[in-house]
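Given next, in structure tokens, is a single chain: the form predicted on its own.
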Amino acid sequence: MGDVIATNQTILVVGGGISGISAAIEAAECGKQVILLEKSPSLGGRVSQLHKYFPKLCFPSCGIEINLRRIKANKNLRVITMAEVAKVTGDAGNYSVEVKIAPRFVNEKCTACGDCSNAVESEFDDEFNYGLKQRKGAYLVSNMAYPQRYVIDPRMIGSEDANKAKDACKVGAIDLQMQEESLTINVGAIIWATGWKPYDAKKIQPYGYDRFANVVTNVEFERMADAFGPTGGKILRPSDGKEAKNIAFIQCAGSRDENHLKHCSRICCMASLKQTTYVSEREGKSTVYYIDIRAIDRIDDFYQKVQADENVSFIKSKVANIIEDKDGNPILKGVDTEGYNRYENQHDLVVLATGMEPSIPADAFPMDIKINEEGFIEADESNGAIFAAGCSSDALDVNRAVQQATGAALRAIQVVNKVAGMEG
């Protein structure tokens, strides 16, 4: 890894998704020394897995590319991937942070040519595509991956396949002897941007996510719509590979529910409305089963556009349960709460709008931190100079997450400025 030079005037950002990237860039462009840690092999987080943003329906690759350009151009910002924080000690203005860096087994000589991937046969579930397809044991996370450097899956180490990958590399970039590294860095402030994860749909038993192939989650559906995704941009039924034309979206799947997530995740309504546009583009029909649609300001304009689409219909109802017919078609059962009519509606595919919860469980933080009932980090003085950014602080859409991350960057800058003033 080499020496990582950091002082109590350095800002550490933990998490390289859109919030961490935004906070790191803002602080670095203000002239502060910044270290950005990301536990996966590539920056981008869940935003890089999106097909489109709402409400403009533009592609995230554009914004990511601009941010990556800003990162590359800034000498104040050091990016370390495959890195996790093991322990934080100290106080505001003077933290000691223990970091564990997992081996990539590929060094900086890598040109991302792909020869190593072509040489191996081992395949594993593709995390970037939520396991909807397989990837090689030597792989690039995505076409937008940063750094553009391949990774060797650790499960392949010691196998003949690993040696094939090494032999195929013409530039000597593959180092199968790499080991986990540890380093301790001194920083003045920490921005915690570890993001969110989708609620586990298997826990919502009545919807049969783990029993019925044609019940998927909203994040999986998002990957299906992407031309670089597991189905090449076609919306196909997992059970038989046929194109799905009659799709149900179930809102608040596990959210606003005493048995699951008590909170509203804020993004789910808009994510489903966005996803109905993917269906309409492919000449399909969407039915949205909802408690209420939460859309305000410019987002309400988008909601009205979707409502005007003759291919989209809305049923005000909390779906009671899902069964399956002999052909694998999901059948939704429940009561329409506007007309109080019972229904048993057949669809080709069901998309569960699962909510967001913090990526790190409440008992797994490597430092003392104030968290709320939902597991998000509270803005509390007892946290010292550890500031939550984006979805580690609350359920937020991309726009609000970036705004909130900018606020976290400003707070961190104030801390290290104060340190500099005291030592100056």
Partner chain sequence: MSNGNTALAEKYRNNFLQEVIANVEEGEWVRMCMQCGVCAGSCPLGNAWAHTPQEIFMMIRAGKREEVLTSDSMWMCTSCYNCIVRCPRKLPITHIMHGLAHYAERMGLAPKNQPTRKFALEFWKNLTKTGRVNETSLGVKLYFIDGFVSGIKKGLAALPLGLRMFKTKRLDPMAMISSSGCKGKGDIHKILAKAKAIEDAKFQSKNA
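Keep in mind that what you see is a predicted model, and the values were worked out from it rather than measured. Numbering follows the first chain given and starts at 1.
Another form, the form predicted in complex with the partner chain, is not on view; read the next lines as being about it.
Asker: In the model of the complex, does residue 156 have a heavy atom within 4.5 Å of the partner chain?
Answerer: No, no contact at 4.5 Å.
Asker: Would residue 334 count as a contact of the partner chain in the model of the complex, using a 4.5 angstroms cut-off between non-hydrogen atoms?
Answerer: Yes.
Asker: Even though the partner chain is not shown here, does residue 259 get within 4.5 Å of it in the model of the complex, heavy atoms only?
Answerer: It does: once the partner chain is placed as it appears in the model of the complex, residue 259 has a heavy atom within 4.5 Å of it.
Asker: Is it the case that residue 176, even though its partner is missing from this view, gets within 4.5 Å of the partner chain in the model of the complex, heavy atoms only?
Answerer: Contact with the partner chain, no.
Asker: Tell me, please, which stretch of 142-150, 266-274, 88-96, 339-347 lies within 4.5 angstroms of the partner chain in the model of the complex when heavy atoms are compared?
Answerer: Careful reading of the contacts points to 339-347.
Asker: Name the single residue among 245, 78, 197, 318 that comes within 4.5 Å of the partner chain in the model of the complex, judging by heavy atoms.
Answerer: By the 4.5 Å heavy-atom cutoff, the listed residue in contact is 318.
Asker: Looking at 241, 232, 172, 206 here, can you tell me which has any non-hydrogen atom within 4.5 angstroms of the partner chain in the model of the complex?
Answerer: Here the answer is residue option 206.
Asker: What residues of 212-238, in sequence order, lie within 4.5 Å of the partner chain in the model of the complex by heavy atom?
Answerer: Nothing in this stretch is in contact.
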